[in-house]
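Just the one chain here, the form predicted alone, laid out as structure tokens.
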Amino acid sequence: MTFLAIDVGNTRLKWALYDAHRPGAALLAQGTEFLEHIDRLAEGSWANLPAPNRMLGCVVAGDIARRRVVEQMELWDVTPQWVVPSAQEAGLTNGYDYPSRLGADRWVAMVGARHHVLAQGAPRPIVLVMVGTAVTVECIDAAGNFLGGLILPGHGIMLRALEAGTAGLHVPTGEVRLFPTNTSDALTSGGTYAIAGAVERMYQHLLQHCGAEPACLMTGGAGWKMAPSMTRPFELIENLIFDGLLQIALQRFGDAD
């Protein structure tokens, strides 16, 4: 019972093929494709894969990107299914004003984060940070209630915005410094500390609200950039969205055995 998990982000599509639709399933193959190259999948990296029996994905890149992915999946006899955030799923309660308007990647990652923490022991509040094209900082209490979160620009968007709106800032990427003394380092350090400051603020909010130290989890392709600048202990998890998709798939599709 092979299972295909797909995460269509703002910049790239990530996919993973597992031997079952359950947490802890063995990874058979995985890959990444930039959105402009989605149309290569069927004749490229998917051409020789075992046909998946089930598929579940999340998409934030819009309906056009989703339709392009579905077209590539026509080489298999499998029904594409996509996560739409709801009021409750897989032990998580959605506190968004309009639950379906929450980004699907945020929702799926929170499901993965919740079950990751539960697998380690007693329930805890969670601060979840996803660092990609955009950065999100989510807060979940120990009972599994999503309380709310932040969205802010990622490193690249911050830099491009400054380049577009300010003369003389077309400079190479710099390093994160305590006291930057050149423009490249000032830009890179400013963006990094802005993200780290947002995480610290939400950590404090959740600590005060729950009265317990939150677990801090980080995921996303650019998460490693933030590691040296974080003010709280955290765990960097590479494939948290896939973990969430596996958890949701088990609930939706039933026992994988």
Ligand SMILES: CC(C)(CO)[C@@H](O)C(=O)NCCC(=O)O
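As the structure is a prediction and not an experimental result, all values here were calculated from the model. In case it trips you up, residue 1 is the first one in the sequence shown, and so on.
Another form exists, predicted in complex with the ligand; not displayed. Remarks below refer to it.
The shortest heavy atom separation between G103 and the ligand in the predicted bound form is within 4.5 Å. The shortest heavy atom separation between C210 and the ligand in the predicted bound form exceeds 4.5 Å. Taking the partner from elsewhere, Y96 is found to have a heavy atom lying within 4.5 Å of the ligand in the predicted bound form. Under a 4.5 angstroms non-hydrogen atom cutoff, the ligand in the predicted bound form lacks L49 among its neighbouring residues. Stretch 128-136 is the answer when you ask which of 128-136, 115-123, 76-84, 178-186 has residues with heavy atoms within 4.5 Å of the ligand in the predicted bound form. Only one of the listed residues (I151, L162, A142, L147) places a non-hydrogen atom within 4.5 angstroms of the ligand in the predicted bound form, and that residue is I151. The partner is absent here, but in the predicted bound form a heavy atom of V60, alone among L28, A198, V70, V60, sits within 4.5 Å of the ligand. Along 218-233, not one residue places a heavy atom within 4.5 Å of the ligand in the predicted bound form.
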